[in-house]
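What follows is a pair of forms of the same protein chain, given separately as structure tokens and numbered structure 1 and structure 2.
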Structure 1
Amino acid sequence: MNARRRPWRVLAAALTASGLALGAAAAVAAPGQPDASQLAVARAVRAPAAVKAAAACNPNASSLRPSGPPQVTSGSFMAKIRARGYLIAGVDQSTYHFGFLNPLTNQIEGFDIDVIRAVAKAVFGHADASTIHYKAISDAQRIPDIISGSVDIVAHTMTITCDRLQQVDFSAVYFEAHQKVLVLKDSAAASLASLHGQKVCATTGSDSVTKIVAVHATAVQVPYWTDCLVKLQQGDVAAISTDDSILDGLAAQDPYTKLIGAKLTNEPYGLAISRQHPEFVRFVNAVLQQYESGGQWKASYQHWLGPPQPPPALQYAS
């Protein structure tokens, strides 16, 4: 979700994934930005490579396989975190039921936060609020904060995409969302297509905008999803379109809204981790394996999101 897909980045990602030596080398050397030579190659081999590579990059199976149960090996990034005394997690503060600041407790809570707690517990061996420092960040800050190292991990309704995989590593998919549409209960609209010519809200730079524009609706862009709900309540927009996971959270805050239409996209969520720490990616995947098999995933889902569902099957690149 929320990726700004630039054609050249997709191409660069595709090239790397398809195993072109130049692309791969450049991506490892400079995880942030593809360099000029990479772009030149990407442009030169545009059409055939894109088709071939799109099939090769699979966001659902892009992560590193864990090597057994989670273990804090000496010299690893996990050991560093343990020595520091706390895990720094980049989280959302305004997405209801995934990552939100609960005004009643003044704590950040939600489905994403439960996953972070499981990771912290695995690192420190005990569950203690002081072992996690939450840093509330915006959508746009997620990748820069991972790259700069100002957060260890991001749990922020973050969709794994091929272009993001160029910049950061992701855990295995821990949640699957789909873009849908939220309208007021009295709306006659049945799908996004029936909203053409009307105003539909999404956050600035989010991928949801692409689908909105595609049906010739006017995209109204605001900083946060809750801002969209304010606009919907005030009658400034006819609908909001984004991941159903986020829309469910908005609908929970206003009983006079409903979700409509078919699933427009697949949005596999992953935990973002720096490419500098593959051992931490494997560690987190091991934690996720225990988290799912131990029933905690189901419990958290039931607590925050609704009737129990089976967790997504964990898949790896190799």
Structure 2
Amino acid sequence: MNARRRPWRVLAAALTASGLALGAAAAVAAPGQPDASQLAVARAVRAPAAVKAAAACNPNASSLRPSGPPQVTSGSFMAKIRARGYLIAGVDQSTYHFGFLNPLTNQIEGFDIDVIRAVAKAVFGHADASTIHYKAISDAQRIPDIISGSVDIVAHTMTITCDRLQQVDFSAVYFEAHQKVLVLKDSAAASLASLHGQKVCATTGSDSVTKIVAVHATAVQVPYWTDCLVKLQQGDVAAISTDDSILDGLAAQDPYTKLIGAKLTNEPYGLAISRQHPEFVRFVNAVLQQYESGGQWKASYQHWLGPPQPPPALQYAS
């Protein structure tokens, strides 16, 4: 490994470590992988009525239309959350710009976290440390934790897919990303296809693995994206492939990396919610309407990601 990369490897490792400390600093901790009971729950709760035919599935317009402004109605899941006193949010712990524990402030921050704060504010009238309990989870834990009820909502750079729609509900699309590839700057690779036969890193439970395997590269799976960055820096893998939104954050941590190739996929992000709480899905979509129309989405985008862009158009299935 080039010695000049060593400080950036330390930075990535520090960000990973700060994320792992999230449970102590912000709320509920979780291990890197779901346990057997969580996976069993995830498999068991696939009711036949939840299965959507692939031909009829449209991830960009799969959510429930809000019935009006966000309101906490009596007997609703939102009322139960309010009575409990806090929202439980499954979040990423080490994805720079989207969900990470800032080691300087000891606060969980990012674009996804801003969206969660908007949801909490709609439930409680304010959003502070007392109204949100963050649970640090890996990609592989997102669906099991929603199904088991250990979290109320997941904001975790999570792509809406037809397969996932068979298991959980999603909000409307609140961010659009595209799968790409990150390599070291001295790499000769020009695309994912050019990495045929080489090792490419992705997280366990991410939909990036399918594309890696499709080009006959070897998918090396780890719990967190910063683990991938350390493997790339150490020469254990030739590349990382996932959403450009995540790769941009990794590249910001190591200037000796670069994104290559064309956009491989469209990755519409949604907030994952249990299929047992359709009223909460409609409530969250009403929050997103206000969040976008009120300018908060653009402000968050500019703060975390760069020059403001128009938010995605909110579409619904019904």
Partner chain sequence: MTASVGVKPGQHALAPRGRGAGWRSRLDGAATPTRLGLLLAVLVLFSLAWGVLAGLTATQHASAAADVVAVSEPLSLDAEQIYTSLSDAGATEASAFLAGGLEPAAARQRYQADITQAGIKIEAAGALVGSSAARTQLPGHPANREASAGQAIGDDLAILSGNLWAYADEVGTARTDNRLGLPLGAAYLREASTRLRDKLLPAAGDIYTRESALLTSSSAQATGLPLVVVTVLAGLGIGYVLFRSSRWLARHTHRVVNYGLLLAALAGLVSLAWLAGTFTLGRADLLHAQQQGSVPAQAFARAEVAALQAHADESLTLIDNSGEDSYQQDFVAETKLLGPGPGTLLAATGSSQAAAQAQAWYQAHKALRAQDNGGNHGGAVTSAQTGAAAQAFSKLSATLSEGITTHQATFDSSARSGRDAFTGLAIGMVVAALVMVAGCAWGLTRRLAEYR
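Residues are numbered by position in structure 1's sequence, first residue being 1. All values derive from a computational prediction rather than experimental measurement. The term rigid core refers to the maximal set of C-alpha atoms that superpose within 1.5 Å between the two forms.
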For this session: Return 1 or 2 according to which structure is the form predicted on its own.
Result: 2
Exercise. Which of the following, G90, A118, L264, I212, is found at a hinge in the chain, given the rigid-part motion between the two structures?
Worked result: L264
Exercise. By what angle, rounded to whole degrees, does the smaller rigid part rotate against the larger between the two structures?
Worked result: 11
Problem set entry | Cα shift between the two structures at Q198, which is computed once both forms share a superposed rigid core (Å) | 3.5
